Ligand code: GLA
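Okay, so here's just one chain, in structure tokens, the form predicted alone.
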């Protein structure tokens, strides 16, 4: 049995697929996958959350929809790399909220990969999959089986996240650093607040935003002498000089990515220095940019961030995940956590009928691995 955690991204929204910087941390909720071999080529997957079973032969490949696309897609990817010796059975369980922007799909992919890699350790040559390679394989599964052109952050955090730390990641080079978070020592907490609004990234404007970033990078490349492979390579000065050449909304998309990369670098420095107040300001600014320039927020997400800003002792808040619904992450002093929850409930009751947010207070986190 293997475990992989969900994640919340402190800052670095929609920068990963432009080769930028992100600063996620794992949470204290995880997906578990228990596996055992079969003597034939059949795969049986059972998800307790849905009370559903999917069964197919390895040669047929898994369905390309629903939860089975993630677990079955990972199994198929391992099979094509000759890392499976037979069929298998798997039971999937866990408590990462589904569709809330906390990377339940990446947690499922990574837990499946770790479990199967150890189950068939005697089959694959070259030893177990390296953690970075496992994360890259999970990203490919998202692209090929789920139809979501995601970046590498979610899988990277679910596989390489470390307890008590945030993970600073350069999504281009994949260089990374574990930055001590230690919320308990700083008398702070992260509050993940679920709006209850669900969205399917493949059917949303997620892929559209990625395509807009590619178009913006191409337009800047045409107007400068710089080698701009992605918006990661653009600078604030470049946008100030050539931003007028970008049509709406590409200018705003580029402005978000460029400014967000700078905010992530600042946030890492503030976290290294233990300056949670400055980190919180970065987080608030990130949400404003995601809301206004990248346009991936929602009225429910905005209401939660407004409630956080109006609560004494809250340091920062922003939407997290793909957007268009899902969750916010709020950094707060411990005494402010209950006040924020009360304020957020009141704000929701005033603006959204028959809808109440769900709160997850994160004071600890976990990492991926085998479970005895």
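Keep in mind the model is a prediction, meaning the values are calculated, not measured. Residue numbers count along the first chain shown, from 1.
The form predicted together with this ligand is left out here; the points below concern that form.
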item	value
is_contact(residue 12, this ligand) in the model of the complex, heavy atom dist at most 4.5 Å	yes
This ligand contact in the model of the complex: residue 316, any heavy atom under 4.5 Å	no
Partner proximity in the model of the complex: residue 206 to this ligand, non-hydrogen atom cutoff 4.5 Å	yes
Exercise: residue 150 in contact with this ligand in the model of the complex, heavy atom 4.5 Å	yes
Option from 265 to 273, 151 to 159, 67 to 75, 87 to 95 whose residues, in the model of the complex, bring a heavy atom within 4.5 Å of this ligand	151 to 159
Within 4.5 Å of this ligand in the model of the complex: residues from 314 to 338 (heavy atom criterion)	321, 322
